[in-house]
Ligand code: GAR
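Below you'll find only one chain, the form predicted on its own, shown as structure tokens.
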């Protein structure tokens, strides 16, 4: 059974999708061991508590230095003996120690088709604003393993979403979540839990 920890900063809609897919049996051989947030007011923590899942806040506001916060974050995640860490809207730059320790065991969801509209400054609503400004006809979401770069790790899954002429950043954001993010993030967890993918030479291959 894959022990999964989800890190999230806000409302936790992707967390909800993961929990629902686990409950329905669409994700197998995986269990949610903890939800961690850097934001004490994150509704994601309430979602976890409502399902009886341990919910922990590790906030940089509670530590004198960034290094102390990073140390506490690593210790917290280590304490749950996790096999996989899922970043589901976690607005924290991960310490390199964590990335190294959990190499190819941390995944992230990004609301675009990487390499488009990714990297520094491209998160949240800004991604969809940039997509509409550029006039793209297709956008989507990407699940990838996390490395030391920003949105540069090996790509696991992508799903395309059509852009409509009357889209606003908000409407596009919602449709990308509903049609892509909430589908491919749980699917990626299922693939990993069932040993169906591995990383070879910096790329994800099916087993």
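Numbering follows the first chain given and starts at 1. Computed from a predicted model, the values in this text were never measured in an experiment.
Absent from the display: the form predicted in complex with the ligand. The rest refers to it.
**Student:** For the chain shown here without its partner, which stretch in 158-166, 24-32, 173-181, 65-73 has non-hydrogen atoms within 4.5 angstroms of the ligand in the model of the complex?
**Tutor:** Stretch 173-181 is the one.
**Student:** Ok, 115, 79, 124, 95: which has a heavy atom sitting within 4.5 Å of the ligand in the model of the complex?
**Tutor:** The residue from 115, 79, 124, 95 that makes the contact is 124.
**Student:** Under a 4.5 Å heavy atom criterion, is residue 131 part of the interface with the ligand in the model of the complex?
**Tutor:** Heavy-atom contact with the ligand at 4.5 Å: absent for residue 131.
**Student:** With the partner left out of view, is residue 106 within 4.5 angstroms of the ligand in the model of the complex by any non-hydrogen atom?
**Tutor:** Although the ligand is absent here, residue 106 would stay clear of it in the model of the complex, with no heavy atoms inside 4.5 Å.
**Student:** I'd like to check something about residue 12: if you look in the model of the complex, is any of its heavy atoms closer than or equal to 4.5 Å to a heavy atom of the ligand?
**Tutor:** Contact with the ligand, yes.
**Student:** Would you please decide whether residue 88 lies within 4.5 angstroms of the ligand in the model of the complex, comparing each non-hydrogen atom pair?
**Tutor:** So residue 88 counts as contacting the ligand.
**Student:** Select from 35-52 the residues with a non-hydrogen atom within 4.5 Å of the ligand in the model of the complex and write them out in sequence order.
**Tutor:** Stretch hits: zero.
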